[in-house]
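Only one chain is included here, represented as structure tokens and corresponding to the form predicted on its own.
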Amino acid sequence: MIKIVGLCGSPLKGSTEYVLEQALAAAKAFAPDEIETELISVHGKKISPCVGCGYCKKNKTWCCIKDDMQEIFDKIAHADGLLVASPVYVMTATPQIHAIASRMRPAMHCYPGMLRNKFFAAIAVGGTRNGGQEVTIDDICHLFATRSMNMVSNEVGGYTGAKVWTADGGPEAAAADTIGMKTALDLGGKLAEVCLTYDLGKKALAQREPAR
């Protein structure tokens, strides 16, 4: 079974979470019997940023900060695909998304290869039509590619990620942006397709007879 986790970077339960739910539903619909999804949110969680103390690198273990980050990372580590959604905050992803990415240092320095074969895709939700969605998508892509994950781009019309406009009107306004919502649905399906194809490829390689 392929597992795709949706990470909602909004501290509120609103339009970003709605868009992510719809994108995850599209991922599930790609292959209902082979894909399962789960949404996790930063809402109500305490996630401190990395302070650069070097504890993880020195001791070759997980971060010494005790908060909700380990629970979130465990879900990411056990997923095949990660769909990251963030509202636009000052032309970038939310501080919570930045904190999560910064705290993923142990995956690189202590457990190399843990995230190497996982895929991610980015969704940005903005209050105005050109309100920083593309910059936010680029930000998300840099944050998670830096952690050795592989970016999945969107279909035609979305390019590097999905972009939704809400006019600060909440989930109903997001749903009304049919162009933006199509990019989110297409992206969910594309991520599912890539994850499933990769999994089938790994199984085929494992069954192939050694070359003589």
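Quick caveat: nothing in here was measured; it's all calculated off a predicted structure. Residue positions are given as counts along the sequence shown, with the first one as 1.
There is also a form predicted in complex with a small molecule; it is not shown, and the following applies to it.
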Quick one: is Gln22 in contact with the small molecule in the model of the complex, heavy atoms, 4.5 Å cut-off?
no
Closest heavy atom of Gly131 to the small molecule in the model of the complex, within 4.5 Å or not?
yes
How about Val84 - does it come within 4.5 Å of the small molecule in the model of the complex, if we only consider non-hydrogen atoms?
no
Is Ile97 one of the residues lying within 4.5 Å of the small molecule in the model of the complex, judged by heavy atom distances?
no
Given the stretches 32-40, 46-54, 162-170, 65-73, which is the single one in contact with the small molecule in the model of the complex, using a heavy atom cutoff of 4.5 Å?
162-170
